[in-house]
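Single chain ahead, written as structure tokens, the form predicted alone.
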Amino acid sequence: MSLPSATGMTADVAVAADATTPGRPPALELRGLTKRYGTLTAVSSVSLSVAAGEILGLLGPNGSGKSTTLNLVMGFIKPTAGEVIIHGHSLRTAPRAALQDVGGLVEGSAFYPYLSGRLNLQMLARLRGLPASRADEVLELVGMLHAAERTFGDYSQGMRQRLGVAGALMHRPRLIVLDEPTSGLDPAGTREMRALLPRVAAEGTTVVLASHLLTEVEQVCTRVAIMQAGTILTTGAVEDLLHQRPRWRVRLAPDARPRAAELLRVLPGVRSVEAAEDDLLVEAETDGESLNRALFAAGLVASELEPLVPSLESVFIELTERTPAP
């Protein structure tokens, strides 16, 4: 009887000795990665570096190339051009060395439905030459030890996803790749998965997470890459992306707003001034104190002046709408 992959489409490769390299290479590098299907280009010249220990969120609308990129990383499909480097090893020239420390949950978990969660993982441990006790270690890590004796067929979708992550972590990979891990989950399951990922990273595992759920990524990822039409539009730390366009909300008396808007528009560092209900929304590289001082010097008094921090959703929408899909 053949054994299932505990992580759906998982690169189940033999373990090879990791070459010692000076310094610490990135956990993952994509160099000009391209995948074409006939006349359709699914991924186009994608270059990206993921540092060890990061939780990288790969964002993009449906059809943006996220899943294809992850399948290329896992070695499930071959690139048309470019290269995948994992922990310093080329997936093209040294696939076994590259994939030895990689786990993935790319197309959902695949376990025997009539066996318990513990037995499923123990079988996977045996397949990998690991002690059966490793099953309980990963069950505890993903918060599933209490349900270890229940059959997989009786698990909720959220529990199945967590068991899939447990299987992907079985061999203590240094990189784990997750494609839409909260897809199909109810709010409780989504919260469970959201809480799990920082615990995984705390164990020393680099996480690459593809998702279209921006709140999820904003809460758990340290850095994001936003994709559209097979290309990467931008990458950066979540905090940096949220503060790359400083905006201020300025509240004044109704009769003072037109004059204030005219004054603010010509100030150095001010990019735009928009009226919004009772406020002026000012996009400016200058600080709030400078805005307030300029208003006061003109005899205008702002009753409120506060910074506005955009959501990752607003940044995402602005970028993807600026670069529409073909």
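Note that this is a predicted model, so its numbers are computed, not measured. One rule holds for the numbers: they count along the sequence shown, beginning at 1.
There is another form of the same protein, the form predicted together with a small molecule; it is not shown, and what comes next is about it.
Q: Can any non-hydrogen atom of Gly65 be found within 4.5 angstroms of the small molecule in the predicted complex?
A: Within the cut-off, so yes.
Q: Is Gly53 one of the residues lying within 4.5 Å of the small molecule in the predicted complex, judged by heavy atom distances?
A: Heavy-atom contact with the small molecule at 4.5 Å: absent for Gly53.
Q: Give a yes/no on whether Glu216 approaches the small molecule to within 4.5 Å in the predicted complex, heavy atoms considered.
A: Glu216: no, not in contact with the small molecule in the predicted complex.
Q: Taking the small molecule as it sits in the predicted complex, is Tyr37 in contact with it (heavy atom to heavy atom, 4.5 Å or less)?
A: Yes - in the predicted complex, heavy atoms of Tyr37 and the small molecule come within 4.5 Å of each other.
Q: Considering the small molecule in the predicted complex, which of Ala42, Ala261, Leu281, Leu267 comes within 4.5 Å of it through any heavy atom?
A: Checking each option against the small molecule in the predicted complex, the one that comes within 4.5 Å is Ala42.
Q: So which stretch, 24-32, 65-73, 271-279, 295-303, is the one near the small molecule in the predicted complex (non-hydrogen atoms, 4.5 Å)?
A: Answer to the contact question: 65-73.
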